[in-house]
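What follows is one chain in structure tokens, specifically the form predicted on its own.
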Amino acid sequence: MRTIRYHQIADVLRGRLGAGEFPAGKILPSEAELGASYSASRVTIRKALEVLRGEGLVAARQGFGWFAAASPLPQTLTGLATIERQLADSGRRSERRIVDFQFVAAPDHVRPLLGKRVLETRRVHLADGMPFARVTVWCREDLGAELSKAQVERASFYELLPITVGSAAQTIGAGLIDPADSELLEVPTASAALVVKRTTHDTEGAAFLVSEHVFPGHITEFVAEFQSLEAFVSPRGLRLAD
């Protein structure tokens, strides 16, 4: 019996997925790249991928293309928690990698809160070895002066700083992955992202941390639990973006 070409390609891709070449959430090569690799038309490649999608092995999202199927990684909205703790609660192995650690002039949106000069750290968080978030934190200069790169790579600012958290204000919006984050997160430039901006205050109400968290949109979801009907039908903090 003649083997249909797209079934052959599906078999090969299934083997690559099974071997862990593409872990859950990992973006696959584009249809054009796969076509060049297997000397096949994009129509044939798409048929092969549709076979694998029918088996629940891959998924597709506009702006991302095809990726190894993955359950979304939940981020709770009901409390202030580190990414590591939330991943651990989901049964995922977490890792952080520091990309930048330097004292800089505070960006315009940070200066009114933390002063003219800040410690800026940029890091990548991984879930089971896959890039999951880019986080940039700006820390007040006097507090950052007591920290080392090794400390920040090992633990969160909440654990390292001798300050009790009083409150935090957080906004979540839609964004697009820029070229720098595309490289760090291994997703296409201009693909969808969830962007979280947070300002953390001490018990006296003074800001001491400002942060920005960028999550690839195809593997992230935010979860809120409402304890009453009133909270459900009248969520606080809903506003139109500028």
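So that there is no doubt, residue numbering starts at 1 and follows the sequence shown. None of these values were measured; they are calculated from a predicted model. Between two forms, the rigid core is the largest collection of C-alphas that superpose within 1.5 Å.
Keep in mind the form predicted in complex with the DNA is missing from the figure; the text below concerns it.
Undergrad: For the chain seen here without its partner, which of 171-179, 43-51, 191-199, 207-215 has a heavy atom within 4.5 Å of the DNA in the predicted complex?
TA: Checking each option against the 4.5 Å cut-off leaves 43-51.
Undergrad: Would you please decide whether S37 lies within 4.5 angstroms of the DNA in the predicted complex, comparing each non-hydrogen atom pair?
TA: Contact with the DNA, no.
Undergrad: Does any part of T203 reach within 4.5 Å of the DNA in the predicted complex? Heavy atoms only, please.
TA: Although the DNA is absent here, T203 would stay clear of it in the predicted complex, with no heavy atoms inside 4.5 Å.
Undergrad: Mark A60 yes when one of its heavy atoms lies within 4.5 Å of a heavy atom of the DNA in the predicted complex, and no otherwise.
TA: Looking in the predicted complex, residue contacts with the DNA include A60, since a heavy atom lies within 4.5 Å.
Undergrad: So that I can tell if H213 moves, could you say whether its C-alpha shifts by at least 2 Å between this form and the one not shown after the core superposition?
TA: No, H213 moves less than 2 Å.
Undergrad: How does the C-alpha distance between T44 and A192 change in the predicted complex compared with the present structure, closer or farther, given a change of 3 angstroms or more?
TA: Distance between the C-alphas of T44 and A192: longer in the predicted complex, by 3 Å or more.
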